[in-house]
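Let's start with one chain on its own, the form predicted on its own, as structure tokens.
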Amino acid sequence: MLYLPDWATDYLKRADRGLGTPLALYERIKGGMRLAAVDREAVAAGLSPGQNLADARALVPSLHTRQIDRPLLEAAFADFADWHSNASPLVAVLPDQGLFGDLVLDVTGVSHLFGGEEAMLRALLGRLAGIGYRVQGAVASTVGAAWAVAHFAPNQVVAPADTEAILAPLPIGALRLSPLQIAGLNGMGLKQVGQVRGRERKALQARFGLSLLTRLDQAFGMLEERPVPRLPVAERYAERRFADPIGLMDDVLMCAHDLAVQIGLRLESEGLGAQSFHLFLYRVDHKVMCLSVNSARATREPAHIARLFAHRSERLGGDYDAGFGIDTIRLAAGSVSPLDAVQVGAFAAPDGAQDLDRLYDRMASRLGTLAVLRTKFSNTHIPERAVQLEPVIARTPDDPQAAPDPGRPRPLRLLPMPEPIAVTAAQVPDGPPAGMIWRRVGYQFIKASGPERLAAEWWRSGQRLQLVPPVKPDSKPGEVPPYLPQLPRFDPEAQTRDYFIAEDDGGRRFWLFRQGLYGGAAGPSWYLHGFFS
């Protein structure tokens, strides 16, 4: 656990060297200006968060003030958290007391790279202190215990057997409780964690709620707490650190190829392949860039992986910014699955499927995942719902029952939605029309066949036809589906359709249908749905 109590002011002073001290950040609360954060010099002058801005200026005339920008600070702290993934595979922001300030690192299986947990803690604290941040830290067996020690007894490693002894004398605020709960417990004379743990649990729950017992159990390891990692956790990765930072994309791609060779050898030794690869670029200004590519099939071929990242880099354009340089590059593999080695004979005749998948991968990495789609049959008899589009590199299994019936003729071209037509001299009650007017052009039919009757699907009430998956709110730029027609919602009350194949005097064959029957109140409606030639 790393705790940065002065993150807001330290970050702003690093970003703007012209800011003077003492520095205070204020915000409007209930119509008044209150201090939201203060630096160390302001604390030494007697200021604290929550004070009135006018009173603070009266106490410290030399006070420098600025309105707090919480979205900016939260985004900067998120980037700062991602940068720490070069020290731990699991890094999370703990939002209990705010969206910036508390950082959780899982050091399981990592501390030996630094010479032990104590050496790792000293290295992380020294690195942040050296660049101007005030930081406190702790290593413990639970997130709750690490948070408590980092805030109230910082800079120590707590062994699992010593957790109870170290947490017991800490103030009750070490349990991450609300101010109202802390005030209530203090009013009962319970001011230390050890005093609360010895009380009857049912009485505490009845008065302070289940959250008090939850925090207590999380701190002592009775209840597991799993932080949400900022970046995907990869068990298989290769990385390279540079003594002198690099900045050119060509150098990054050369390093990505070398790392692809390393991770490919590791996957081969384990008999595995991967379908997703993530390239993390750690900048010296504490930010991380992440490039991700996907493969249609599990692979471990270094040349193919490197080409995917080369195509992906072309989409960056002006968005690529190495800042003051990149000092660490990590390549991680995800979505692994068994991939056995294949021996190819001298006279083998490849079917081209592997080359086609590689082409899909290159096109998707260059153009975007949703720019390369395939048609997938749906289990329905409604023509406009018969197929859907999905990314070709994220194919889902085909439904055997959705395959079309070869005995039913279907047009080569299907309109996205049926278009109304006007017919002339239709043979009643069930015959085809003698001609039609479509888009203000008349057509005379010389022969026709049908009808083929299709009934409505009542269970699709109110659903809108989707040819491609809906766009997610967090979709990346360039991941917009290329085809999103505004089709009407499906009406299960619609009447049965009777489809006809009609050929005009010019040899053109149309697929049209009648909805409704003659003799009704409104009469039938005719629509054109596709073309055979």
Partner chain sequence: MSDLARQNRLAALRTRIADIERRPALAELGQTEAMAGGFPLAGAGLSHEIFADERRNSGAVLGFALGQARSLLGGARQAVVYLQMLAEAQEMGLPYGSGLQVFGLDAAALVLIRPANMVELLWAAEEALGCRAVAAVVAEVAGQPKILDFTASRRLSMRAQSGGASVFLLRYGRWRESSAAHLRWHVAPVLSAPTPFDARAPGASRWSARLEKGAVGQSHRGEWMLEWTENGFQAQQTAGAGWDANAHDAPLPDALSARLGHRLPQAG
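Residue numbers count along the first chain shown, from 1. Computed from a predicted model, the values in this text were never measured in an experiment. Note that the rigid core is defined as the largest set of C-alphas that superpose within 1.5 Å between two forms.
The same protein has a further form, the form predicted together with the partner chain, not shown here; the description that follows concerns it.
Though the partner is left out of this view, Lys447 does reach within 4.5 Å of the partner chain in the model of the complex, counting heavy atoms only. Although the partner is absent here, Asp504 lies within 4.5 Å of the partner chain in the model of the complex, judged by heavy atoms. Proximity of Thr108 to the partner chain in the model of the complex falls outside the 4.5 Å heavy atom cutoff. Within this chain, Arg453 is remote from the site of the partner chain in the model of the complex, having no heavy atom within 4.5 Å. The stretch in contact with the partner chain in the model of the complex, judged by heavy atoms within 4.5 Å, is 410 to 418, chosen from 242 to 250, 410 to 418, 331 to 339, 228 to 236. Every residue in the set Leu367, Arg508 and Phe531 has a non-hydrogen atom no more than 4.5 Å from the partner chain in the model of the complex. In terms of contact with the partner chain in the model of the complex, the residue from Pro406, Pro179, Pro400, Gly187 that brings a heavy atom within 4.5 Å is Pro406.
For the candidate set Tyr443, Phe80, Phe208, Phe309, a heavy atom within 4.5 Å of the partner chain in the model of the complex is found for exactly one residue, namely Tyr443. After superposition on the rigid core, the Cα of Ala56 moves by less than 2 Å between this form and the one not shown. Taking 2 Å as the criterion, Glu503 counts as shifted between this form and the one not shown: its C-alpha moves by at least this amount when the rigid core is aligned. Once the cores line up, the CA of Trp438 ends up 2 angstroms or more apart between this form and the one not shown.
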